[in-house]
Each structure stands twice: as C-alpha cells, then as structure tokens.
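First, one chain by itself: the form predicted alone, in structure tokens.
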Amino acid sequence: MLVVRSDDHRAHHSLELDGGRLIPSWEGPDRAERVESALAERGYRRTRHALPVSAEVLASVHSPAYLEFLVTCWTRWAETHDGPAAMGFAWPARGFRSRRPEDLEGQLGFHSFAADCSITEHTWLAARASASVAATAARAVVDGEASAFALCRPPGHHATADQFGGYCYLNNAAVAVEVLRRGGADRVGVLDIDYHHGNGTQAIFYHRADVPVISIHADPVQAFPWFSGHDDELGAGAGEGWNRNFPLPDGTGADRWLDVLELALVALEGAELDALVVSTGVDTYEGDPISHFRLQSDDFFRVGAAIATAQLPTVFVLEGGYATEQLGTNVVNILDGFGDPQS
C-alpha cells in the first residue's frame, strides 16, 4: 500500500483546555512519528511526499472567509497578543446571531466550536500539509493505486466548512473525496470509524446524495462532540437518507463494534460506490486516554479485513488515536488486515 506523508506537521503544537487546565494538546507530533515507525517496521516502503493541495480543492470544501481566517490568524494574533496560542472565549451559542465579527477574538469564536483546539504559529502550515497528504493519496488512487494511506496530522473530520475544533482545521477526508470525484468517481462514500463522531464531515456532505457518509462512534449523549452524531441525523434535501450514524455506548467491545461495522458495510454496498474514504481513527482502542471503547490491538486486523470486503478503491485518512505508544501498531494492523494486491 502506498503511504503519503509530510514533515510539515512537526512544526504544529497547540494548547487545549482539559479538565479546567490549559495543557499541551493530546494531539502532538509524536502521533505521526509513532505511525511512521510502525509502518517502517512492517515493511511499508512505498512512500510519497505530499504535493500541495490546490486552492480550488480547498475552496470546494471550506468557505473563502474561513480559509482567509486560517491563513492570517496567527499573524493578526501576534500583532496584539503575547499569548502562546490564539483561542476564542465566546461562541455564537443558542439565542445569539451567527454573524461573523470583524474583530479577531470574535472571529476565533465564530470559526471554532470547542476550546480543545487552538491556533499557533505553524498551524496553517501543518493543516495545509495534512490536507495535501490526503489530496495526494486520493490522486494516487485516481491514477491507479488500489489503496493509499494518508498519514494526516493534524486530523480533520471535526472541521466543518467554516469551523475548527476537535484538533481539526481542514477536513482531510472531505478533501480526499473531492479529489476522487474530480478524478472521475461519481459516488464516493465516507466510512468514519473514529471513536468521536465526525461532525465536520457529516455537515459538509449532509445535503448531498453523491457522498454517503456512515459513522460508527460513541453516543453523543456521553461523548464529544455531544451535539452531533445521533441516529436520527439522516441527511437533508438531496442528501436525505445518505447519512447514517451508529452511536454506541461507552464500554463497547470488539464483537459488538464489528457487528455494527458489518451493518455499515452493507449500507455502503447499497450505495453503489466508485471509491471509499475511511476516516481512520483508532481511539476505539481500550487504552486510549480520552475514549471509552474496548477494542484491543489484534482487533484492528479484523477491522481492516472487513473493510476490504467492500472491494473498492480506498483512501485511508488518519484521524484520532491518543494512546501514542500503541498508535502505530493499531493503525498498521488495520492496513495489514486490509491488504493490498499492489503491496
């Protein structure tokens, strides 16, 4: 399997509010480094450095105002603040108008939805590089690769068209979808297997029938992002019926989780897809410090093997997973389970 990567993620460090404390983010550079080490140990030697994602592809996923905000945010922040991270402190909550302010601090609230995510000096560099990794992997599949793994960091599935949060700034899975569709795939599915619901991916494609989105995740009555991911969110307009959520309770183990994966794959089969993007979160692992499912490392082989039964050109996009010592093993177990005739 082809692996696409970038070194630019290493410059990105952020801060987050956790338990009432401002701490270094759980989402750090060591995550990608652990995955790279595991890939090398298992013999994944077909690697490619990402080519820059086009402005046109980014604009097909994210709003122009939001992209301009991400590009300029840190410079604007540094002109008037000496704090180490740009963070909002007020959001357009219920009863407020959702109107974009001119002030930077107001825009930080407008363009974010959680205080687990901040912008620092090299956030845009890393976020764009991560989207470039996803775009390059998708392009490789368009050009004939059976599958590709996009080693994306920071992750992306929480990013909406105009908001960041959940450690995500640009929606890498959505970028991969758009590259596949521009390359000739009429209908591209998204299968999100992260512990947390991919609210951003759902929102981006919620009104579209050409991109079915299916997510298996922790029940939002118990887990972040809390306000998205219920099973009655089925799409709207042209997209009605093309969004499916499978929320599961804390403590869910591998057998139950894999049974639900089978249901998800049946739904995808009925969608008559041309290609598949897998938002590959492994924070379903039993030892993950911020998640509460109970999959063990060997279970991820079964996850990959199940996804392979779809027999589709597939782009795996790295999302969450914060048990860093086991992260690489768990990710590569999925890829090994999936297999690839071109490996």
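Values in this document were obtained by computation on a predicted structure and should not be read as measured data. Numbering starts at 1 and follows the sequence shown.
Note that the form predicted in complex with another copy of the chain isn't included here; everything after this is about it.
Asker: Okay, which stretch from 208-216, 144-152, 252-260, 95-103 lines another copy of the chain in the predicted bound form, with non-hydrogen atoms inside 4.5 Å?
Answerer: Selected stretch: 95-103.
Asker: Give a yes/no on whether Leu191 approaches another copy of the chain to within 4.5 Å in the predicted bound form, heavy atoms considered.
Answerer: Answer no; every heavy atom of Leu191 is more than 4.5 Å from another copy of the chain in the predicted bound form.
Asker: Although the partner isn't part of this model, could you tell me whether Asp116 comes within 4.5 Å of another copy of the chain in the predicted bound form, counting any heavy atom of the residue?
Answerer: Asp116 belongs to the contact set for another copy of the chain.
Asker: So, in the predicted bound form, is Ser130 in contact with another copy of the chain at a 4.5 angstroms heavy atom limit?
Answerer: Taking the distances in the predicted bound form, the answer for Ser130 is no, it never comes within 4.5 Å of another copy of the chain.
Asker: Quick check on Gln222: any heavy atom within 4.5 Å of another copy of the chain in the predicted bound form?
Answerer: It does: once another copy of the chain is placed as it appears in the predicted bound form, Gln222 has a heavy atom within 4.5 Å of it.
Asker: Taking His81, His111 and Asp232 as a possible spot, do all three reach another copy of the chain in the predicted bound form with a heavy atom inside 4.5 Å?
Answerer: Verified in the predicted bound form; spot residues all in contact, yes.
Asker: Just give me the single entry in Ala236, Ala90, Val266, Val71 that has a non-hydrogen atom within 4.5 angstroms of another copy of the chain in the predicted bound form.
Answerer: None of the others qualify; the residue that does is Ala90.
Asker: Identify which of Ala140, Ala185, Ala271, Ala85 has a heavy atom within 4.5 Å of another copy of the chain in the predicted bound form; exactly one of them does.
Answerer: Spelling it out, the residue with a heavy atom inside the cut-off is Ala85.
Asker: Go through 1-34 residue by residue and record those having a heavy atom within 4.5 Å of another copy of the chain in the predicted bound form; state none if no residue qualifies.
Answerer: The stretch touches the partner through Leu15, Leu17, Gly19, Gly20, Arg21, Leu22.
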